[in-house]
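Shown below, as C-alpha cells, is a lone chain in the form predicted on its own; questions about how it binds or moves come after it.
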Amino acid sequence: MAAYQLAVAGLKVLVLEAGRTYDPVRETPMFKLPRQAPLLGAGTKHKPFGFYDATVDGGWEVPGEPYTNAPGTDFKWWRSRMLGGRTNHWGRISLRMGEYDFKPKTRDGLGADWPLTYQELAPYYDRTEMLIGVYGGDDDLENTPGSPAGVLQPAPVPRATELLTKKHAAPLGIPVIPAHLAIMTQRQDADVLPKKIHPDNPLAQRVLAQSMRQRAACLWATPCGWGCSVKANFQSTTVLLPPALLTGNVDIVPDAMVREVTVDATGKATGVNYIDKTTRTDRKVTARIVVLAASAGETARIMLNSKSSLFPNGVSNGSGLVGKYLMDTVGAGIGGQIPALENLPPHNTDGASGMHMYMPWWLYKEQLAGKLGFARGYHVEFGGGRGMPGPGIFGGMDALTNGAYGKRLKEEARRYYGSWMWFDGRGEMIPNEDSYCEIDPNVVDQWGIPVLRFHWKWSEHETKQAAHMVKTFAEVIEAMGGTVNEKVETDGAKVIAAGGQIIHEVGTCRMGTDPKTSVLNQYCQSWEVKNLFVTDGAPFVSNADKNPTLSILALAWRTCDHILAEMQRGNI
C-alpha cells in the first residue's frame, strides 16, 4: 500500500523484496483439480496449506532462515518469501475494527489504547474497501461497523449450510450476517471509483482506472489461497503493485534481504543495507525516507539488528519496546455432522472460497458486566457443505458406517457427502509482557543475519475465550440436530491454537502517545528517527478479533498521507 500511495503522489519508490518475484497471472493453477496434484493436493510439511497454495518459498519453515523459541515457547512464525508476501496467502476476511477496539483499556482497564479513534481511520477504511474491492452486507452492529452506501460490493447469496446455521443460531441469540471479504462480486467501475478514491490526483486516477479495467469479477473457480489470475481477489501483486508500476515511479528489487537500517551522525535514516540473495553480496541503498513493511516479526528483526553508536540496542529502540507486545489471534474450532444435510440433492454451492456469512461477537454487554470470565470477544468463521472434493473429504465417515465397503460404501459416501460443518473462532489477544521477540545471540541465518528468538504466553483471558468458543460451537451444532465430532474440552489451554498458527502476527513496534511507552507515534512514525516509518502489523497496539489486513492497509494509507504532509512542511 505504501509503495502505491507514495508512487501515485509522485515520489520515486524503491521496493526491496526479500523473496523472489511472483506473477499470479502466470503462476496461479486457476483451473487445476485436487486429483491432478500429488497426494490429491493434501498439505505436507513444506506446503501445509496444500500443493496448490500460493505461498512459494515460504511457510512456517524457510530453509536456511531459522528462528528459535525460548524454553517453553512454541511460537510458529509464517514468512512468505515472494513478491506480495502474505497478501498472496490469507482468507480475504476484511472486517473493520470498531470503536471499542481502538480504546480497549478505557473500556475494561486492560492492555493499552490506540492513539487514534475509529472515526479518524474510518475514511481510510472507506477508500481502502473501494480500492481493493470488498463484498459485504449493510449491517451496522455494536462494535461491528458497517460501511457507507456505495463502498462495498454486493455480498454473494448465502449457501444452504449458512442459512441452516443462521436459522438455528438465532434462538441462541447469535447473529449470522453477511461476511466482508476482499473478493469482487462484480467488476469495479473504473470510470467512477478512481475519482472518488483520489479526487485531486489525475495520475492516480489514470493508473488506477487502467488497473481496475484489468480485473475481473470472481468466477468461483478455485480457492483464493491458490492465487487469482483474473485479479478478482486482493493480492498486492494484482491490485496495488500494477498501478504503482504504471506511474513509472517504482522500481522493485527481488531477492533483497534487508539486514539493517542505516543512520547518519544526526540520527536520521539514510537507507538500508541488504543481501543480494542471487550473488550473496552486500548492497547499500540510500533514501530520503525509509518505510518498513516486512511483517511484524521481520520489521522488529531489522530494527533490532540496526545497531549504531546512537542506537546501541537497535534503531528507534530507546524505549526498549521494539519486539515487545507480540500478538496473534486466538483460535479454536470444532466440527460436527448434521443429519439434516445428508442425502442432499445436487445443488449449486458456487461462491467465494471463503464464507458468505459469519457470526460477529455478540456478548459485549455481558462481557463488560464481568459475566463471562474473560475480557475480549471473538467472531466465528464457519462452513461446510458440498464444496469441491479434496483430500479427507470423507474423513470421519467410518465412524458412521461401521466400515462399509463396495456398493454400500458408495451409497454411504453419497449420503454423507457435504453433511459435515466446521466452526472456528477468531478472538482478540490482549498484549502481555511475556510475549515478545528478541535477537538470538547465538544463531544467524544463511545470510549471516542474527535471527529472532520468540517468547510466548497466553493469558487466562485467551484460554477461557477458547473454551467459550468450543462450548458455543457445540451448542450450535446440537441446535442443528447434529453431533459434535470430538470431545468438547472445558480447558481452553487444550484447544487454543499455538501462537503464530493463525498467522495474524502483529505488535512488536506499538504506536502510542508517549515515546517512553511506544516505538511509533500515531502516524506510525518513529519517535526517534523522524524519516523512519512502519506500515505492516508491527504498530498494532492490540489485536482485535477482526482480521488485521484491512486495518494494516488503512493505517498504511494514513501514514503515507502524513509522510506527504511532513515533506511539504519540510520536516522530513
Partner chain sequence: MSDEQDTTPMDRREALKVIATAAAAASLGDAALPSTADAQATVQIAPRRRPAAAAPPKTGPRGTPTDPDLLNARANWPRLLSAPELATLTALCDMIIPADDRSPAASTVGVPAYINEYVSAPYDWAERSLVRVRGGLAWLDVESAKRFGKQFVQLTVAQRTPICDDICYWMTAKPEFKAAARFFGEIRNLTQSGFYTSDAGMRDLGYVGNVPLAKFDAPPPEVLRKLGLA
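A quick note: this is a predicted structure, and the numbers were derived from the prediction, not measured. Residue numbers count along the first chain shown, from 1.
The protein also exists as the form predicted together with the partner chain; that form is not presented, and the subsequent description refers to it.
> How about residue 369: is it within 4.5 Å of the partner chain in the predicted complex, going by heavy atoms?
Answer no; every heavy atom of residue 369 is more than 4.5 Å from the partner chain in the predicted complex.
> Would residue 365 show up as a contact with the partner chain in the predicted complex if we use heavy atoms at 4.5 Å?
Contact check for residue 365: no, nothing within 4.5 Å of the partner chain in the predicted complex.
> If we define contact as a non-hydrogen atom of the residue within 4.5 angstroms of the partner, is residue 311 a contact of the partner chain in the predicted complex?
Because no heavy atom of residue 311 falls inside 4.5 Å of the partner chain in the predicted complex, the answer is no.
> So in the predicted complex, does any heavy atom of residue 466 sit within 4.5 Å of the partner chain?
Answer no; every heavy atom of residue 466 is more than 4.5 Å from the partner chain in the predicted complex.
> Could you tell me which stretch in 211-219, 357-365, 94-102, 434-442 has residues with non-hydrogen atoms within 4.5 Å of the partner chain in the predicted complex?
That would be 211-219.
> Identify, from the list 109, 345, 71, 171, the residue with a heavy atom within 4.5 Å of the partner chain in the predicted complex.
It is 345 that has a heavy atom within 4.5 Å of the partner.
> Answer with one of 285, 246, 193, 116: the residue that has a non-hydrogen atom within 4.5 Å of the partner chain in the predicted complex.
Comparing distances to the partner chain in the predicted complex, the residue within 4.5 Å is 246.
> Hey, with the partner chain in the predicted complex, do 138, 333 and 455 all fall inside the 4.5 Å heavy atom range?
Negative, none of the three is within 4.5 Å.
> Relative to the partner chain in the predicted complex, which residues of 364-397 have a heavy atom no more than 4.5 Å away?
Contacts from 364-397: 386, 387, 388, 389, 390, 391, 392, 393, 394, 395, 397.
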